[in-house]
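The form predicted alone is given below as one chain in structure tokens.
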């Protein structure tokens, strides 16, 4: 079973601030660091670090050398990445003194994913392979439909939330991996049990993992519900916490590990990530768990 992550790759410009900027306000940053990030890149690295065989697909601009290098260095197969002229995607991230963040993603026209790109990538994958997607690419619905038509297992992390989600073919999804805000955007419910039930009723063939930050995570799979408590740590930077959880979850599923074991390892890994600065480089190895 192979894992394909069709996802974003961003140059993260991370600013340390006392608090995130309010409307009409100008504040001074305590400092700025550049990191390799993007939900797609972070999740591919987490999958690889967790022991999964993962192929990353997406589009890089001329300034994306560091993004390509960090994927390769962590064992991600980059043969399906397309290179184009112009700039790569980038983000502006504010991280406050409590470790909480807010993020702006900026992707140019040059890094759009076309239907021809999708067909070329998916030709190398078969029924039963896992495809991981987020909501930072422009042609996600087409990727979903084409992957599902090939019989691939579609795992979807609907982040960031936007109005376009309502038009996505979510009946193609095999695994929803989301937090409370994303769960509410899809179901209209804001209580964990109600979110799980609403997804089960609307998409009965799908499984769902609902992450609740410091409150742990729930999983509904084949009619059974599991709860995984969070491991308590002092947060430093929460930027890649959800991506780490997703990566360890997908890797565990690809190896056929028992679901309680998969959830526990994912929770441990994400707790380590939030105790460190940065995104991709903050994701732990299995030995650190």
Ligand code: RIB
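Given the structure is predicted, the values throughout are model-derived calculations rather than measurements. Positions refer to the first chain, counted from 1.
As for the form predicted together with alpha-D-ribofuranose, it is not shown, yet the points below apply to it.
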How about residue 246 - does it come within 4.5 Å of alpha-D-ribofuranose in the predicted bound form, if we only consider non-hydrogen atoms?
no
Within 4.5 Å, heavy atoms only: does residue 38 come near alpha-D-ribofuranose in the predicted bound form?
yes
Any chance residue 113 has a heavy atom within 4.5 Å of alpha-D-ribofuranose in the predicted bound form?
no
Given that the partner is absent here, does residue 251 sit within 4.5 Å of alpha-D-ribofuranose in the predicted bound form, heavy atoms only?
no
Decide yes or no: are 4, 117 and 142 jointly within 4.5 Å of alpha-D-ribofuranose in the predicted bound form, with each residue judged by its heavy atoms?
no
With alpha-D-ribofuranose left out here, work out from 260-268, 26-34, 233-241, 52-60 which stretch has heavy atoms within 4.5 Å of it in the predicted bound form.
233-241
Of 148, 185, 103, 107, the only residue with a heavy atom within 4.5 Å of alpha-D-ribofuranose in the predicted bound form is 103
To verify the annotation, which of these, 91, 135, 94, 78, has a non-hydrogen atom within 4.5 Å of alpha-D-ribofuranose in the predicted bound form?
91
Partner contacts for 261-287, taking alpha-D-ribofuranose in the predicted bound form and a 4.5 Å heavy atom cut-off
279
